[in-house]
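Here we start with a single chain on its own, the form predicted on its own, put down as structure tokens.
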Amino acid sequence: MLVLGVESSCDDCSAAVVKETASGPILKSLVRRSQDALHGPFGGVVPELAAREHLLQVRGTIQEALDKAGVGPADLDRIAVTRGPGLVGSLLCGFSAGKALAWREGKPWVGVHHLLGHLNAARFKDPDLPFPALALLVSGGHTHLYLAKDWTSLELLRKTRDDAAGEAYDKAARVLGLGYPGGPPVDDCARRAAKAAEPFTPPRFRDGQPAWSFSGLKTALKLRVEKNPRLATAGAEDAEVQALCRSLQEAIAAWLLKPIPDIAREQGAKSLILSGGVACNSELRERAALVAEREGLVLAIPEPKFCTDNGAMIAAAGAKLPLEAGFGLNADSDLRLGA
């Protein structure tokens, strides 16, 4: 089965052609057009600018993916498009383009939940992963832990109460003048640090309920910089900046992974899937490997190109989902799994 996947939920316009086989998905082409340079001066994604850029990019992105795979629209068996959640203007660009192509070519199509795409990104490396699995999906917009019964069924176990972990990276990089997106420069600084700065205090909740929170971490880092203003302009080569990044990175990784052992035992999990843009982080990947080994879990972390938003993960998920009936379905910025 040959599947075209289209992703445009935020600021990355991406398309991919994937061949679904009995032994798993095989990538035939992947095109990703980043808007980092466009949004960099603002320190974050500007929704209106993102949508306008998608309008300019989406047709060319799809065509390039088809060309690189050496196929035409007539060769496709189905088209998979991100339906939500995400920025509604951005979503509509890719979703409408995918539906229009399916209608024009008379091809079956399917709308895909963005997080289900991140789950299926792991299939490119580990198609025979044993279930049930814990799926830790972490990005700039999501920090969710799911119980996956298979590649299409997710049950939410825990999520952040406020900001996503990826947002903490972006905010930290902005405060420290390291650029946008924040994940790569913070990771680079942390890896070069001779030592970590003073540890950040984990959040505590009055109701005693398990959850994550990263808004306080952003505030704590901002207060440290306000006490030492030179850090805002010292740059990535500064030892104190590197130490602060290391402390931040260690805190995020430790907080994310702390509940995994207990939850894995409670749920009888056999595997741990780590996906989403933050899954590119070196500290998180290393610590996840240690946790998985200690708990006897099979660890699945996609290659970095499959962790960030991409059309390949949407194609892989779309190959597993039932097809849509008709063309009345629309994009949904608040789409919930199972909706």
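Everything numeric here is computed off the predicted structure, so don't read it as measured data. A residue's number is simply how far along the shown sequence it sits, counting from 1.
FYI, the form predicted together with a small molecule isn't displayed, but the following is about it.
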Pick from Ala300, Cys307, Leu297, Val31: which has a non-hydrogen atom within 4.5 Å of the small molecule in the predicted complex? Cys307
Options 174-182, 121-129, 96-104, 145-153; stretch whose heavy atom lies within 4.5 Å of the small molecule in the predicted complex: 174-182
With the partner left out here, if you bring back the small molecule in the predicted complex, are Ser14, Ser90 and Asp332 all within 4.5 Å of it by some heavy atom? no
Would Gly141 count as touching the small molecule in the predicted complex under a 4.5 Å heavy atom rule? yes
How about His114 - does it come within 4.5 Å of the small molecule in the predicted complex, if we only consider non-hydrogen atoms? yes
Contact with the small molecule in the predicted complex for Gly84, defined as at least one heavy atom pair within 4.5 Å: yes or no? no
Considering non-hydrogen atoms and a 4.5 Å limit, does the small molecule approach Leu274 in the predicted complex? no
